[in-house]
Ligand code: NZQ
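Take a look at this single chain in structure tokens; it is the form predicted on its own.
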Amino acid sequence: MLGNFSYHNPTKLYFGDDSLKYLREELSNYGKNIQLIYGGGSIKRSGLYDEIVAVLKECGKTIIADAGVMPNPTSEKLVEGAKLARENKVDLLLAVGGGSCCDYAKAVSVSAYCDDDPWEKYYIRFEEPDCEIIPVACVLTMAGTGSEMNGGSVITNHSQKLKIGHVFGDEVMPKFSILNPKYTMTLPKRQMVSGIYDIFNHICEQYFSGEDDNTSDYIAEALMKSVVKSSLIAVDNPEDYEARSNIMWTATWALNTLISRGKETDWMVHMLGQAVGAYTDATHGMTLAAVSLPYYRHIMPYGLKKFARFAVEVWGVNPNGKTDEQVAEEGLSALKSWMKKLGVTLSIGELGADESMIEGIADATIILDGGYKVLDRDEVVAILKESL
């Protein structure tokens, strides 16, 4: 295992079907004004909204409602939420929902008292906060992003056709997160499988880099196998608690920085997928699924040994009598077969992209250099065309 690194994760987790009871205890650590962040009406229909409001009132908190967080939170919504937090002198941002709500809460936390334009400061110039930061906490209702235990925050700017993520430091990470697998069971199947592929791809983004014998890769392989097994059970029976709990727990560990230790990491699938999302506003996990296979086929020759290992260790491909290329190809075929069983999208065309958008999507794609191949713009265009 090569490289030097530090590891620290300050987020406290409460996991299980009775985890909400710890909310009272945690709320005692914060002031009176709580900005309750949520999306549409799903938490009201499920009854979770009423449960949380009851706890907040019992604890003597003043609730500042911040509803309507969209699946791809926008820069306009961020300005609105930051103003709400600042004017109400909010003491805690409590996000109840999926990764979008958690991402949005983190963006609000560093924007409420920011003297600059938050979009320009954090998402264009990638500067770090130098202002007061409001604490964030999460009650998770969808497994996928890992936002409940990391500093990542993705925001979309429709006017600029950009969707960009900023990974903030420890001070922005949620102070605590409540994870009850039962809260994920009300999700429509499409959202569930989108989240599942997001989990898997988070692991791949870190796995497909480096050539040393790295403990992080062994952990990653175990997490991938867990996702594959539990996902097929959950697709067949969405109310299987064991499968949903394994998926939820794996989502957290897929992106809480653990398996990136000692790794360069890639993240080009996310850069491509986010650029597609900026043009189509499609579900995040589906954009990743649509560009993954064309991207992996393109970079496979440059990381052939890892792709062959992926085939053997994750998918059980028998390598006897085969070249590394043959083994690696079987691995990608197995990945495609699993994706079809999940029901994820395999084409950006299905998400609303068309030939006329390709050049713009390519322009919106941030090119990173941590993976096996640094793409040039022509390669980005070729991958996007293959994804149509």
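For every residue, the number given is its place in the sequence shown, counted from 1. Quantities reported herein were computed from a predicted structural model and do not represent experimental measurements.
Below: the form predicted together with this ligand, not depicted.
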If you check Ser111, Thr141, Gln206, Ser292 against this ligand in the model of the complex, which one has a heavy atom within 4.5 Å? Thr141
So which of Gly169, Gly316, Pro301, Pro188 reaches within 4.5 angstroms of this ligand in the model of the complex, heavy atom to heavy atom? Pro188
Can you check 98 to 106, 170 to 178, 218 to 226, 128 to 136 and let me know which stretch has heavy atoms within 4.5 Å of this ligand in the model of the complex? 98 to 106
Since only the chain is shown here, I'm wondering whether His270 would be in contact with this ligand in the model of the complex (any heavy atom pair within 4.5 Å). yes
Please tell me whether any heavy atom belonging to Lys340 falls inside 4.5 Å of a heavy atom of this ligand, as the geometry stands in the model of the complex. no
Gly47, heavy atom within 4.5 angstroms of this ligand in the model of the complex: no
Taking heavy atoms only, is Gly81 within 4.5 angstroms of this ligand in the model of the complex? no
Listed by sequence position, which residues of 147 to 161 have a non-hydrogen atom within 4.5 angstroms of this ligand in the model of the complex? Ser147, Asn150, Gly152, Ser153, Val154
